[in-house]
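Only one chain comes next, encoded as structure tokens, the form predicted alone.
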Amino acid sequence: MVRDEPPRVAVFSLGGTIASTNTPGVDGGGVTPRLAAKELLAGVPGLPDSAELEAVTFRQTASGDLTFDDLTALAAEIETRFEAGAAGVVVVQGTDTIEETSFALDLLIDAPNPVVVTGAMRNPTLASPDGPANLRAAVQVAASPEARGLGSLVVLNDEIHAARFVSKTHTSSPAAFRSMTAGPIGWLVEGRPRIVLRTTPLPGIPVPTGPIPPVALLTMCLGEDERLIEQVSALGYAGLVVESFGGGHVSARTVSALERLAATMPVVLASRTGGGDMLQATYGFPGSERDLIARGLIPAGYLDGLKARILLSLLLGNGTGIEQVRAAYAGV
């Protein structure tokens, strides 16, 4: 009887808390990313022997220092692994930008193979680091046929989240990651992924071959006026995402400036609440969602501001025109 070959899973490490440790007398006693991919895997008890693992040290940095160039290069490397027969990929990084990087990979990678992003909230020098358990769970999900066709996933604390919904909601809790709009799509039990909700694939975006234009993100707050909005174009931004009040509202004082800006570049309207769809046809006062859409702003659907900015950045990086941008957001 011929035994089936175990699935191959490539594990890319980018740094972050999960890979951080300290050296006495260095870095002021704080931890910094030092551990390579092989060292991370060596520190994980109970890794499944049902998967063949490849360790790739791709970056060693805090996740806030990652760039779009890093992500497009990572997406290309992941596609190469899939073409060579890898069943799945795990990306290990700092948690501060997981909700953004995982969504970017969701848009850029055109393959049904699982891409699972994970990290840690507690670094390896602490008494109860969560990195090894999260990495083991991520490998188990990436090796599972059940995870195919779900797009990029985020796995921490034995929960499986769709990248398009997940957010970091706490500064230090191991249960920091939540999907406010849809909830987790699954979890792990006794090392087995259980998928209870299935997402539909997102329309893919080609990996930009040139520079990705900067996109600004502005959160509306009490008493806000037009001054920051009026500087967006002068500062060289190619687009703006506005995190509005509630379901799509801004101060009436900002409406004229937003309308003028929307005539020159894409201005996308998201919500600062972190959950739920943008409204489109409920309120009619100046600065309401109906008013802003009529003035050319583009509703972001269920995407929060961070993810709406990722989508707009990648669209503009491919030279997408305003009507195509509008159509892309209409699909979410």
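The model shown is predicted, which means the values in this text are computed figures rather than measured ones. Don't overthink the numbering: it's just position in the shown sequence, from 1.
The same protein has a further form, the form predicted together with aspartic acid, not shown here; the description that follows concerns it.
Comparing 287-295, 301-309, 259-267, 57-65 against aspartic acid in the predicted complex, the single stretch with non-hydrogen atoms within 4.5 angstroms of it is 57-65.
At the 4.5 Å threshold, heavy atoms of E224 stay clear of aspartic acid in the predicted complex, well away from it.
Using a 4.5 angstroms limit between non-hydrogen atoms, R81 is distant from aspartic acid in the predicted complex. The closest non-hydrogen atom of S13 lies beyond 4.5 Å of aspartic acid in the predicted complex. Put simply, K168 is close to aspartic acid in the predicted complex: some heavy atom of it is within 4.5 Å. Of the residues I109, V139, I185, A120, just one reaches aspartic acid in the predicted complex with a heavy atom at 4.5 Å or closer; this is A120.
Checked against aspartic acid in the predicted complex, the residues P193, G239, G94, G248 give one hit for a heavy atom within 4.5 Å, which is G94.
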